[in-house]
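Shown here is one chain on its own, the form predicted on its own, set out as structure tokens.
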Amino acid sequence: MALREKVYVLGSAITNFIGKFHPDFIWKKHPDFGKKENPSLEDYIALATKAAIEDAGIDAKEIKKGFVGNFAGELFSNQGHLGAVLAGAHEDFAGKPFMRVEGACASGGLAVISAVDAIQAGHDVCIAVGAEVQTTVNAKIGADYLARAADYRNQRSMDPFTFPCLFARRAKVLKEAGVVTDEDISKVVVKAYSNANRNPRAHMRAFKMSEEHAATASDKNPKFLQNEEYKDHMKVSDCSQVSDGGAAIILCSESALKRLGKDPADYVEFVAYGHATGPISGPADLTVLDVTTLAAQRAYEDSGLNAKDMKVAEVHDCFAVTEILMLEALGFAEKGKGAELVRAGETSLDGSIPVNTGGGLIAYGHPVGATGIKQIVEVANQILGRCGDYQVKNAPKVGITANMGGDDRTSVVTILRRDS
């Protein structure tokens, strides 16, 4: 969507993303087990919201409208009606028009573009908050919950772990076509963990991933699918994390920015977005992310920019093979050539197009409703030079995000820029 009214990132925040193997996550082997509890879904919404308000340096009363991105609060946390949860996150929020939006793993991206649309409609300062808690049940129950982002009636029976199986299916087809290898997939994994090791908020910040571990199936890195056709094409290390966490972003119009006494030159502009949705029964072609490709085309057209203008990217790497397909969907590589960028190191922190600089979903973590917002905040922070040990050299001026729901059934692509 091309914007009639300019939109800026006024403030933002990301909580720690935590889960198994994070030093702060409390589970049976943690010394605080039975003494303390992990933060709740409500906690993450409040934590991210208050931190974003502080980062923006504004009074909470300035916020005119808000959106919560969340996929499965009713299942993992027994809590829906999250617009009302946001209304309780700050004493000045009571009575404000807040609502929840849902699009599976793209829920966070949808919350942000809902805020952008609200600004176009005249609500000059808006907030988008994303949160998910997924560690309240065991892995198989959680996999069943998450399978509701697929065509549950027709795809659930593929495997107890439906989504890993869906993307193992893609990996098998790509390998048979000769455009992706197991080594390419392991390189994506190693890069993700290397970046996360530099990121203090990352779920897997303390876990070191060697090339040997990523490339080799073992008792500690098993091929865990039951589906015999696809079992050989997915290991634990190829998967994103089951994480808890939250993220928030406050957006405003240019006129609101000036009204608040702030200089637009100091802020990142939200330039354009593309949003596309495909039938739940898809995809038809396993070798492409056709819905994300369409969303990217729309974002490029409306921004007047193209793939060559992008200097940093956050893409939806729910599985390592997905990152390779994302490189093609966003136009960084031709169809079937995405793995060549990985092999050449072009997606690393010092490459020509750094991708998932904080670790991506694979190692930064994937609290589903927060992910799309985290991606946008990460690109904005890279542009502002705020990423510390994983900062790209010579802070990029333009960046892109791609947040995907289901097996590329919903996609939100956003472009951000700073001219100064």
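Computed from a predicted model, the values in this text were never measured in an experiment. A residue's number is simply how far along the shown sequence it sits, counting from 1.
What comes next is about the form predicted in complex with another copy of the chain, which is not displayed.
Does each of 149, 273 and 278 have at least one heavy atom within 4.5 Å of another copy of the chain in the predicted complex? Judged in the predicted complex, 149, 273 and 278 all sit within 4.5 Å of another copy of the chain.
Which pick from 120, 226, 218, 181 sits with a heavy atom within 4.5 Å of another copy of the chain in the predicted complex? Of 120, 226, 218, 181, the residue with a heavy atom within 4.5 Å of another copy of the chain in the predicted complex is 120.
Of 283, 160, 331, 83, which residue is found within 4.5 angstroms of another copy of the chain in the predicted complex when only non-hydrogen atoms are counted? When another copy of the chain is considered in the predicted complex, the option within 4.5 Å is 83.
Would you classify residue 391 as touching another copy of the chain in the predicted complex, given a 4.5 Å non-hydrogen atom cut-off? Outside the cut-off, so no.
Using a 4.5 Å heavy atom cut-off, state whether residue 406 contacts another copy of the chain in the predicted complex. Yes, residue 406 is a contact residue.
With a cut-off of 4.5 Å between heavy atoms, is residue 102 one of the residues that contacts another copy of the chain in the predicted complex? Flag for residue 102 set to yes.
Please tell me whether any heavy atom belonging to residue 135 falls inside 4.5 Å of a heavy atom of another copy of the chain, as the geometry stands in the predicted complex. Judged by the heavy-atom cut-off of 4.5 Å, residue 135 is well away from another copy of the chain in the predicted complex.
Answer range among 293-301, 319-327, 196-204, 263-271 for contact with another copy of the chain, defined in the predicted complex as heavy atoms within 4.5 Å: Of the stretches listed, the one contacting the partner is 293-301.
Counting only non-hydrogen atoms and a 4.5 Å cut-off, give the residues of 1-20 close to another copy of the chain in the predicted complex. Heavy-atom contacts to another copy of the chain in the predicted complex: 1, 4, 5.
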